[in-house]
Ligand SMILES: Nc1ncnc2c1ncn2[C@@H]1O[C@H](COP(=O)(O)OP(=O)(O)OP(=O)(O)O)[C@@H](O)[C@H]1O
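Just one chain follows, in the form predicted alone, and it is written as structure tokens.
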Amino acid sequence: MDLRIKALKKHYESKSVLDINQLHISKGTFLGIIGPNGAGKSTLVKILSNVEDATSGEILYNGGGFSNELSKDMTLVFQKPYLLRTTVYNNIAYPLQLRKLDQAEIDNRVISMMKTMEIMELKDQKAWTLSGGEAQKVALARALIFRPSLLILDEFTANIDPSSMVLLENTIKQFHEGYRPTIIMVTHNIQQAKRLCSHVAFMINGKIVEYGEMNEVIFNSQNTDTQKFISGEILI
């Protein structure tokens, strides 16, 4: 999915939390959004996924506005997963059931996805009994199962163990290589951005101050704040 942002602003009462003049995220990009706490990263992706409204500005999706039909081709995975109060299988199958796929096709896709995510033994387990890492695997499986053309990830590996993070990263990487969706990922993990992203945007004080190919931004930044953040300095 191709996205274009124009004069996007978000205010909470009198406070400005987002002010992006323009940004073009071309189809098939894997974008990592980095920056300090309070930079506006989560606000931006919530607006892009239509979870939150902008105060002003325009977002074009494939050249047009947001629509119910468009929403069927995109999804957002939060840092803390929101799962249905049912089994793991039913959680993962739900997007395919909404799209009225044949039951045999649903079974094939769900079983294949659970094997990929190494959660077959959790098939009939209730979602509320899962550990944090298990729940995040289920949330990501549910997001990928219908093969969206826009996948938005908000700190999706922040609270899980290293082995689960490796599995989730590999699954995301394979999904991107196989289907070439547009992926937008908020992360505090610079190494994760290096491993996964084709492009990186650095945000501070609600603005995107640097955007480009991953190697350019991470290894050859032209912005002082970006350089400080990547080197581990605390930005105030």
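Throughout, we count residues from 1 along the sequence that is shown. Note that the structure is a prediction, hence the values are computed from the model and not measured.
The same protein has a further form, the form predicted together with the named molecule, not shown here; the description that follows concerns it.
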item	value
Region of this chain that lies against the named molecule in the predicted bound form, out of 176-184, 190-198, 63-71, 33-41 [heavy atom, 4.5 Å]	33-41
Q79, T116, Q125, N108 - the one with a heavy atom within 4.5 Å of the named molecule in the predicted bound form	Q79
The named molecule contact in the predicted bound form: Y12, any heavy atom under 4.5 Å	yes
Heavy atom of E134 within 4.5 Å of the named molecule in the predicted bound form	no
Close approach of V17 to the named molecule in the predicted bound form, 4.5 Å, heavy atom	yes
